[in-house]
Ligand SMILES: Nc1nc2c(c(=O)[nH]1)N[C@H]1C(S)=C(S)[C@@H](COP(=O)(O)O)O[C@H]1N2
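Here's a solo chain for you in structure tokens, the form predicted on its own.
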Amino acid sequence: MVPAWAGALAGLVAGGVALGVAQLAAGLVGPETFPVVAVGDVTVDLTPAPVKDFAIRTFGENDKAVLVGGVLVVLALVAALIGVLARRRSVYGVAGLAAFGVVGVLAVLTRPDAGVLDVLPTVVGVAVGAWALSWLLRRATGGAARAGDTGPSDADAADAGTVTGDIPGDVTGDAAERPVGAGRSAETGRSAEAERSAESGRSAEVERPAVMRAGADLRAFDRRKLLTGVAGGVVVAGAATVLGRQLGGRQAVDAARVGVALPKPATLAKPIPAGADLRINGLSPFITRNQDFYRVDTALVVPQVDPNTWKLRIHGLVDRPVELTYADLLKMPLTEADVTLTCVSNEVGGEYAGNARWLGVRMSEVLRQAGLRSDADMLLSTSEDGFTCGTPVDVVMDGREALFAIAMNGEVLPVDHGFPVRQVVPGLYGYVSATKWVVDVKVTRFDRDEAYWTPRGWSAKGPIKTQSRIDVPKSGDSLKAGRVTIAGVAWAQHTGVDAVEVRVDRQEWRQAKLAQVPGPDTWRQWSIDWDATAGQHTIQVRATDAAGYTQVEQEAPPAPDGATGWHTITVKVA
């Protein structure tokens, strides 16, 4: 019989083949139909908010990779178990894989606008995986095992070997010494012919275990054939996965992105003041590079949206529904603006904030084309992957640079940050404003519709809270006694930062030097010098915005509408 470890190995490889083939099929149907992604998306949707917060705090931008990795680990363990069970009856393997197929199909069908074709990757992957498992186990038993046949056990084979290899002497020896001829046996009184017939019957009974042993030998474990089959399965799984990802469209979308020629803006951003960046080592630069800009969203697989087929639909409480293509958007007057974005999941002192120069069409201009109705107070925007967020209408229409953005820091919007089009709204946390890969905006009301995060315990409206952060020194740093520069950033979009204060060891607050800014929608660098003395010291910072609001000391977690508290660090001076 196939050993347990071999069954587990066959199950693992069969599971890999199933996922590889599913990835290949998903490359043709759509990357979001890959069952691992679908299951991961459902997991994200069903995960309680506190668990999500923990994942973001613990793993940061790697939270999705950790989730997908966890799903794959679970799949691997179950696939190995299925392989172990399938050693005895192949139907167990088919049933186990089918059960996983059902889970994958149900997960895929929960996606917005899911169709029958979307379940194809899961179904095909499960079918091929079941075949691969059966094929590997047949190879492991020399190809003689039949579907559903349990085969003899190792104990059976051992017993068969004992009987056939050690036939008792009183049977074989006596038979050999008996004279053959006419007349009756001296011992039994039977004729010679009758004796020979009886002897033949005894010989047949003795030989039956030998036949059983031969059957066992035909199904004996063949390590070499199993391992060569495993190698072939690994190659198939890997090749299918790579090809599926390529077919998923990343290369095509990247090529389309490179081919976009950005028009010149009709409205230029204000020049960045010469003193906007204090250029202190370790201090966040005024402009965050695209590759360094934080990414927090619900997409396990970054949507690959072809700009040639992309459309933006504006509908709902409007006089004239609007549908725009990417080409239409590029022909409209473009506005350039420097805007800092912040994630509501950002802890006090956290890194989920970044500043960039965006280029796009004013959302207010597009909405005016559609004709907003007076009772509308919410924009329910939808991403290509089905994520939704609700943005207050009054914020978008009050004159600030709220954009359907197409570019970031002078280059076409990166795919990871929403290509071809995303929303950028100054003054609101991203979960209620910054929809990436946006394809639909429903003009509605907060009392009629809910966005993705609202039923999960987050506030329906998310104005950004005034915050400040110490970038240098870092908490836990060891410093030399003497003059030390303390520096960081503060933000209060769309109000602006008016003052930043720093104190050491809870002594008097001191005013920090503020860098210049082009407007109220960006963060502001600050710095202050400190004469450090030996010992351990606590440094705190707080900001005051242009409306006169000063950060409160009381600490509060990000949920439900953003963290509060003073960023506090501890350093040691020698």
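Worth saying up front: this structure is predicted, and the values here are computed from it rather than measured. A residue's number is simply how far along the shown sequence it sits, counting from 1.
Although it is not shown, the form predicted together with the ligand is what the next lines describe.
Mapping the unseen interface onto this chain, Val348 falls outside it, with no heavy atom inside 4.5 Å of the ligand in the model of the complex. Residue contact check for Tyr294: one or more of its heavy atoms lie within 4.5 Å of the ligand in the model of the complex. For Thr466, no non-hydrogen atom is located within 4.5 Å of the ligand in the model of the complex, even though that partner is not displayed. Within 4.5 Å of some heavy atom of the ligand in the model of the complex lies at least one heavy atom of Phe387. Remark: none of the three candidate residues (Ser90, Ala132 and Gly233) comes within 4.5 Å of the ligand in the model of the complex, counting heavy atoms only. Here the chain stands by itself, but in the model of the complex one stretch of 267-275, 432-440, 308-316, 94-102, 432-440, has heavy atoms within 4.5 Å of the ligand. Checking Thr485, Thr298, Thr110, Thr288 for any heavy atom within 4.5 Å of the ligand in the model of the complex turns up a single hit: Thr298. Proximity to the ligand in the model of the complex, taken as a non-hydrogen atom within 4.5 angstroms, holds for one residue of His494, Arg362, Arg422, Arg139, which is Arg422.
For the stretch 541-557, the set of residues having any non-hydrogen atom within 4.5 angstroms of the ligand in the model of the complex is empty.
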